[in-house]
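Presented below, as structure tokens, is a lone chain in the form predicted alone.
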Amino acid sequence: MGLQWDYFIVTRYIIRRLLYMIPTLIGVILITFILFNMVGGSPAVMTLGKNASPRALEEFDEQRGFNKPLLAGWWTGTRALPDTDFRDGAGIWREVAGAEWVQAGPGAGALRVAPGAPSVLPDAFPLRTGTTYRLQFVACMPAGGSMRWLIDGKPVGMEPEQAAATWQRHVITFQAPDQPQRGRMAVEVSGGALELRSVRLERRMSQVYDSQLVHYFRQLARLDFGESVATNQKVGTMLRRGMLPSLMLTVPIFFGGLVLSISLALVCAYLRDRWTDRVLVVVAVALMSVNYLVWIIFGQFFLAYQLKWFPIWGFESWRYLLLPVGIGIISGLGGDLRFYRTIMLDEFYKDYVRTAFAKGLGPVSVLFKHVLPNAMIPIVTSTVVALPFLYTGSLLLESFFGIPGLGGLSVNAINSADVDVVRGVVLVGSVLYMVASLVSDLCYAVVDPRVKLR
């Protein structure tokens, strides 16, 4: 076993693999962006609830960059005036004075604005001062009729603007006044009723590439994962605080279970088909058959509550980790033991083992110098791939024993729709998984001389 290390080849291989990780990482970032910004609906609504005010939703989007175009563009929507398609109903436009919703058939409704005094639009909050807006609407009205759109009583666009007798799309671009007032937007109709089919208000961006995607990439380039809406703390700070308790729990479970299961697997391989091997197999199957939650309840009730051997709840010293670590090792021992036993037995029946025994080598020498090194490839595969998940902790153990790790943090973030925290956990886990894959390949070259780094 071993690798005649050529540091130039190894360094070149590592650099090449790191370069390969860049497009993979970009792909992960794009997937998380699509899931949380495009597919999952409005993060503001998921976090604040559908009954939140438009102003609160707009402020949430403004703080986190969700009020920008998705990919690129000069115009983006605003919650100041809701986008409305009157073919399906009037919505909050029913409150507009001088307007009524009429329906000519299924999916053929319109908002009819009668001539007379200006009808104030149902804007939710004042527009940004000095910002350019675009009002798009589809309308029609009788011949000779006219309309004009007003802001604080002052006309915008053409004055007056003629509307055709057939449905046509109109676009008016204007700039918000310096001292906006709520309810300043209005439409004044004369010469006949105006019928509106749809209305949409958009805000102009300062740059065409000032988008949600660019904002997200800039944020990650600064290693800024955003801010939690539940705690108002930086996500990076929360991840650092939660990572240490999780690692203090999962690292002993990982290495303790690995050493114990491999040791017992070697014993099973050497004493194969004897009563010791059969007993260990039965014990492994029994351990696999018991639910993880049963071990937690048993440990807390009997070992901690009744026998007082361990603390039940908290994270004040190393003693609080003894019981959850023990439960973690025992609960995973069954599956690991059966897996490693199969690997060891597969090696034990090969010719080189019989040759080693024929040469007079003892069982300890055969096990540790021949069987174990040749079984390291599948062992490395199963162990190294599990390394990235150590940082996320164990959800059940952390929840039942009051350990403030990333497991509970992730679940709370999912339940409360804390988008930035969930994205931070996913991205850090993806990076660790790619690094673990690189470490796995290097370990292959260490344990098996036939593996070449190319």
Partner chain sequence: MGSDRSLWSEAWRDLRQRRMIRACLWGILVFTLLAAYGEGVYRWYRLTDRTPPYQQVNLQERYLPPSLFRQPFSYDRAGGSTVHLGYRERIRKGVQVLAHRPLGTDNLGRDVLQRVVQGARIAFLVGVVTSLIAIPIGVILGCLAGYFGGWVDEVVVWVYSTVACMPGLLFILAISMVVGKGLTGVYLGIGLTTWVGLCRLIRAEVMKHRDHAYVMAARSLGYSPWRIIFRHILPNVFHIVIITFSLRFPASIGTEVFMSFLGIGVQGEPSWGVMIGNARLRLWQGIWWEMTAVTAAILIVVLAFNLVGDALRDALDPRLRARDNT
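Rigid core (definition): largest C-alpha set, two forms, superposition within 1.5 Å. What you see is a predicted model, and the numbers here were worked out from it, not measured in a lab. Numbering follows the first chain given and starts at 1.
One more form of this protein should be noted, the form predicted together with its partner chain, which is absent from this view; the next part is about it.
**Student:** Is Ser440 one of the residues lying within 4.5 Å of its partner chain in the predicted complex, judged by heavy atom distances?
**Tutor:** No.
**Student:** Heavy atoms within 4.5 Å of its partner chain in the predicted complex: does Leu70 have any?
**Tutor:** Leu70: no contact with its partner chain in the predicted complex.
**Student:** Should Asp346 be classed as touching its partner chain in the predicted complex when contacts are defined as heavy atoms within 4.5 Å?
**Tutor:** Taking the distances in the predicted complex, the answer for Asp346 is yes, it comes within 4.5 Å of its partner chain.
**Student:** Is Phe36 close enough to its partner chain in the predicted complex to count, meaning some heavy atom within 4.5 Å?
**Tutor:** Contact with its partner chain, yes.
**Student:** Please pick out the stretch from 189-197, 365-373, 336-344, 349-357 that is in contact with its partner chain in the predicted complex, where contact means heavy atoms within 4.5 Å.
**Tutor:** Single hit among the candidates: 336-344.
**Student:** May I ask you to choose, among Ala221, Val171, Ala108, Ala286, the residue with a heavy atom within 4.5 Å of its partner chain in the predicted complex?
**Tutor:** Looking at Ala221, Val171, Ala108, Ala286 one by one, just Ala286 meets the 4.5 Å heavy-atom criterion.
**Student:** Using heavy atoms only and a 4.5 Å cut-off, determine which of Ile403, Leu396, Leu57, Leu390 is in contact with its partner chain in the predicted complex.
**Tutor:** So the residue touching its partner chain in the predicted complex, by this definition, is Leu396.
**Student:** With the partner left out here, which residues of 283-302 have a non-hydrogen atom within 4.5 Å of its partner chain in the predicted complex?
**Tutor:** In sequence order, Val285, Ala286, Met288, Ser289, Val290, Asn291, Tyr292, Leu293, Val294, Ile297, Phe298, Gln300, Phe301 come within 4.5 Å of the partner.
**Student:** By the 2 angstroms cut-off, has the C-alpha of Phe33 moved between the shown form and the other one once the rigid core is superposed?
**Tutor:** Shift of 2 Å or more: no.
**Student:** Core superposed first: is there a CA shift of 2 Å or greater at Leu220 between the shown form and the other one?
**Tutor:** No, Leu220 moves less than 2 Å.
**Student:** Does Tyr133 show a Cα shift reaching 2 Å between the shown form and the other one after rigid-core superposition?
**Tutor:** False for Tyr133: its C-alpha shift is below 2 Å.
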